[in-house]
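Consider the single chain below, provided in structure tokens and representing the form predicted on its own.
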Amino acid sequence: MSEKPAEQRSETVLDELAAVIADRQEELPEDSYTASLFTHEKGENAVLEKIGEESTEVVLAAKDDDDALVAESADLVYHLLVLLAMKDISLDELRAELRERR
């Protein structure tokens, strides 16, 4: 069995993560951090604060620690996907915007 090209694998990972986020948004399991973001008393602001926090951590990690940069970037992407789900913006819409910018 041949391995998918790196670009397809990354798209698959993002699609899988977006699907998990959408499932948590719909099902709202009590023990889910993702679900708690959708039901937080601050609403959307809770996710916006996390994006701000993670953005700062990405900048700080970029200066000193490549491993931390990867981890903090993953946190930032995750929270951005949660925000997009809150706004009913699909990954396909994001991909289309990025393609237009090539």
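The first residue of the sequence shown is number 1, and the count goes up from there. What you see is a predicted model; the values in this text were computed from it and never measured.
Just so you know, the form predicted in complex with a small molecule exists too; it's not on screen, but the next bit is about it.
Mapping the unseen interface onto this chain, Val20 counts among the residues with a heavy atom inside 4.5 Å of the small molecule in the model of the complex. Interface membership of Glu53, defined by any non-hydrogen atom within 4.5 Å of the small molecule in the model of the complex, is confirmed. Contact check for Asp75: a non-hydrogen atom falls within 4.5 Å of the small molecule in the model of the complex.
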